[in-house]
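Single chain ahead, by itself, as structure tokens, in the form predicted on its own.
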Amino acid sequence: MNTNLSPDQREILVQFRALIDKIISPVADQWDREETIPFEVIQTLAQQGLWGINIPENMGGQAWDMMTLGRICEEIGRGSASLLSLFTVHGMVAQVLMKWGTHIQKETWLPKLAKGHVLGAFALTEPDIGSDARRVETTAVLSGDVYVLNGKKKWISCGQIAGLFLIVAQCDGKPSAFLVPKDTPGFSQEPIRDMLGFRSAMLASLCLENCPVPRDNMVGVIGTGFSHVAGTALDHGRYCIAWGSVGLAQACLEASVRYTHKRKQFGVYLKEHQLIQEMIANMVSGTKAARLLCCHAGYLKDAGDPDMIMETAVAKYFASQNAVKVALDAVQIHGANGCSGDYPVQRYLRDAKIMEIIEGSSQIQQILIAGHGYQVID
């Protein structure tokens, strides 16, 4: 596996890192307090082509390879995990349309998604349904030329501002997927606030009351809403979150190195204390290991290797757990300062915990990884 970046990839990342350092990182704590990301920032990122990174050029996108996409996710995660969440779910919708969408669905929505004229959101989770996602309770009943959707969705990242929702519902008792524009009659959004982390990801609860959705808005066919459509979305989401977890851990490491250079205890800088050095060493090695697992998953994705799905699960599992460990140590190194709003490590810790839950919890990843391990050995 070659993890070296090409000159073009390197130039893209240098420019994007500079953009993150200029317009994202300095204000991410403010966004966290205000629980929003300003619209003008979303527009600026649209002008940079961010929202169309994984969309083909003939649809107005960038068509970047998966390794470059991953490194972009790392940089976004380093700046703002909430922004990463918006970017992730938007990409999930685009990825689904590219793989399972009809020609008309692609022509209608991909150019709008690529330019950021419309943001996408993925709606699977419900108030009573989380990890057992096959059993969603939202229903879709065919009535003439439309499907009528009824149900509730919850914890939907980008739910407050998205213009297009990919909804998973039961149709004839089988999970199926539908494209639902936000202006569909009977569709409403309610903001979710006071979250532990991802506070500026603009999460929302969704309510669908007799929403008429054209038959042509079904993605795939009846019964493929979870196995195929949601499966594609979740694989993409796990890949983005894995890389974002690396970025978050990197932010913790950088913050801790800066702090230990200027903070003194017992007459010497913190960096001179061996127990502090131990924590820094663990941060460095854990983050490097997580990055390599993500690189491996990206390499397999670019190669079209079937093992990419399992290796993405491994990367997401390890990288998100490492992010929590690194964030805990970053707060510990900062002491009482780390528990205050004056330093970003408290946000990093809160966001890191969410990384272990979204797009499949650590326990779900363990089940997938263990099951694959038994198959390989048997």
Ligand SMILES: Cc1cc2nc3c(=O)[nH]c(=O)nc-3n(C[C@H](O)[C@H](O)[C@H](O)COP(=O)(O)OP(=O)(O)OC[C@H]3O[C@@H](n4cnc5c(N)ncnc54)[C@H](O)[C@@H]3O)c2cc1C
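For every residue, the number given is its place in the sequence shown, counted from 1. Quick caveat: nothing in here was measured; it's all calculated off a predicted structure.
Just so you know, the form predicted together with this ligand exists too; it's not on screen, but the next bit is about it.
Taken together, the three residues Ser131, Ile354 and Ile367 all come within 4.5 Å of this ligand in the predicted complex, as judged by their closest heavy atom. Exactly one listed residue, out of Met279, Leu203, Leu110, Leu119, brings a non-hydrogen atom to within 4.5 Å of this ligand in the predicted complex: Leu203. Out of the listed residues Thr184, Gln160, Thr125, Gln105, Thr125 is the one that sits within 4.5 Å of this ligand in the predicted complex by at least one heavy atom. Across the options 256 to 264, 193 to 201, 137 to 145, 298 to 306, residues that bring heavy atoms within 4.5 Å of this ligand in the predicted complex belong to 193 to 201. In the predicted complex, Ser361 approaches this ligand with a heavy atom inside 4.5 Å. In the predicted complex, this ligand sits beyond 4.5 Å of every heavy atom of Ala290. Taking the partner from the other structure, this ligand in the predicted complex has a heavy atom within 4.5 Å of a heavy atom of Val89.
Contact check for Ile156: a non-hydrogen atom falls within 4.5 Å of this ligand in the predicted complex. Residues from 271 to 288 do not approach this ligand in the predicted complex: none has a non-hydrogen atom within 4.5 Å of it.
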